[in-house]
Ligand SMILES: CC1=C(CCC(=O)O)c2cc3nc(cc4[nH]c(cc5[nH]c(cc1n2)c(C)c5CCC(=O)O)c(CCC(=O)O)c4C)C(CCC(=O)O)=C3C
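Take a look at this one chain, the form predicted on its own, written out in C-alpha cells.
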Amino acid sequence: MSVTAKKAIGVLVMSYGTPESLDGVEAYYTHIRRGHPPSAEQLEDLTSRYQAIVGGVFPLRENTNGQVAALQRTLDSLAGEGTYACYQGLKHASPYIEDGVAAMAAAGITEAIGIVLTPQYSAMSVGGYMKRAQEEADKQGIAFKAVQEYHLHPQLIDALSKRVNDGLERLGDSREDSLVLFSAHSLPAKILEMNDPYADQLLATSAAVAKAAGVEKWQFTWQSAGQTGQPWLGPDILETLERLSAEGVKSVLVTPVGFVSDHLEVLYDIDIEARKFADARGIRLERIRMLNDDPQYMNALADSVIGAANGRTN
C-alpha cells in the first residue's frame, strides 16, 4: 500500500497467529515451544485437533485477515482514507510482529499504534506483544503507542450482550434455567503474584455483558491451559461442567469473552471437547457466535486506535 504521501499512521494489528495449512503445524508449534520441535505424539495431537475442525486450518487464518481488513475499512470510514494504514503482526506465525513493523518502516510510516485482538490486558499476553512491537519500532525509528486494553468498551459490551441473548434464544424453553458460562484462555497462575489485571478485567467484562444482557445466572471459568508442568489458572471448563452437572444444571451458554474470533480454542476446545463432555453428563451446551469482523467490534477497535493516536489513555 502506498502511504508515504499522506503520512498515514500505521496500525499494527496483533494476534497469536495460526498456521496457514496443516503442513505448517510443526513449524508453528516449534515456534510456540521457543525453537524446540514437538514430539511425534504432541504433533499428532495438535494436527488432529485442526483436522477435527470443519474446514481445517484455513478459515482460522482467514478470520484474522478479515478482521484486519474490516478494521481498515472502519478506520477509513471514521477518519478518512489514508489517515491510518493497517498491518498485521503475529506472535507465532508469519508475518511476525517484527515483520509488520518493518513493513511500516518500508512504507515510510513514522508513527504507529499497536492493538491486540484480545480485549483484556496481561503482562504475559498483550504486554509481550507490545514489548516486541516497541523494540522493533525503536529499531526502525517509528514512534509507537499501545492500546493496552479495551475490555469495557461500550461497543464491545453491547456486541457481546446481543450474542448472549441470541444464544439464550437458541436454548428456547430452557432459557430461564440456563447458566451463562463466561470463559477465557488460562495463563500460568504465577500472574497472580504479579498483581496482573488479566483475571479482574475478564470478570469485569463478564459482569458488564451479563448486566447488559439482563442475565443473573452466570459464572466464569478458564479453558485451554497449556501443558507446561506449572500451575495454570483454574478451574478448567471441564472441571466446571463436572461441578455444574452435580448441581443439576441442564443447559449452559458458553460465552468466551477472552476470544474474539473462531479459532482452535473455540472450535475445538469448546465446540468439540467441552460439548462432548457436557453431553455425557446430560448438559446441553451452546456457544455464542464469535465477534470476528462484527461492525460493533470493529468500531470498538477503531475508536481505541483513534483515541490512542489522539493521546487518550485507557
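From 1 onward, residues are counted along the sequence shown. These numbers come from a predicted model, not from an experiment.
Heads up, the form predicted in complex with this ligand isn't pictured, but that's what we're talking about next.
With the partner left out here, if you bring back this ligand in the predicted bound form, are Y29, Y129 and L187 all within 4.5 Å of it by some heavy atom?
Every residue of the candidate spot has a heavy atom within 4.5 Å of this ligand in the predicted bound form.
Quick check for you: of 41-49, 66-74, 270-278, 246-254, which stretch puts a non-hydrogen atom within 4.5 Å of this ligand in the predicted bound form?
That would be 41-49.
What is the one choice in G172, G226, P154, G108 with a heavy atom within 4.5 Å of this ligand in the predicted bound form?
Among G172, G226, P154, G108, a heavy atom within 4.5 Å of this ligand in the predicted bound form occurs only for G226.
Please identify the residue among T221, S161, S206, S125 with any heavy atom within 4.5 Å of this ligand in the predicted bound form.
By the 4.5 Å heavy-atom cutoff, the listed residue in contact is S125.
Does Y96 reach this ligand in the predicted bound form, with heavy atoms at most 4.5 Å apart?
Because no heavy atom of Y96 falls inside 4.5 Å of this ligand in the predicted bound form, the answer is no.
Going by a heavy atom distance of 4.5 Å, is T18 a contact of this ligand in the predicted bound form?
Close contact exists here: in the predicted bound form, T18 approaches this ligand to within 4.5 Å, heavy atoms only.
Does any part of R287 reach within 4.5 Å of this ligand in the predicted bound form? Heavy atoms only, please.
Taking the distances in the predicted bound form, the answer for R287 is no, it never comes within 4.5 Å of this ligand.
4.5 angstroms heavy atom contact with this ligand in the predicted bound form for Q88:
Answer no; every heavy atom of Q88 is more than 4.5 Å from this ligand in the predicted bound form.
Along 231-245, which positions have a non-hydrogen atom within 4.5 Å of this ligand in the predicted bound form?
Contacting residue: only W232.
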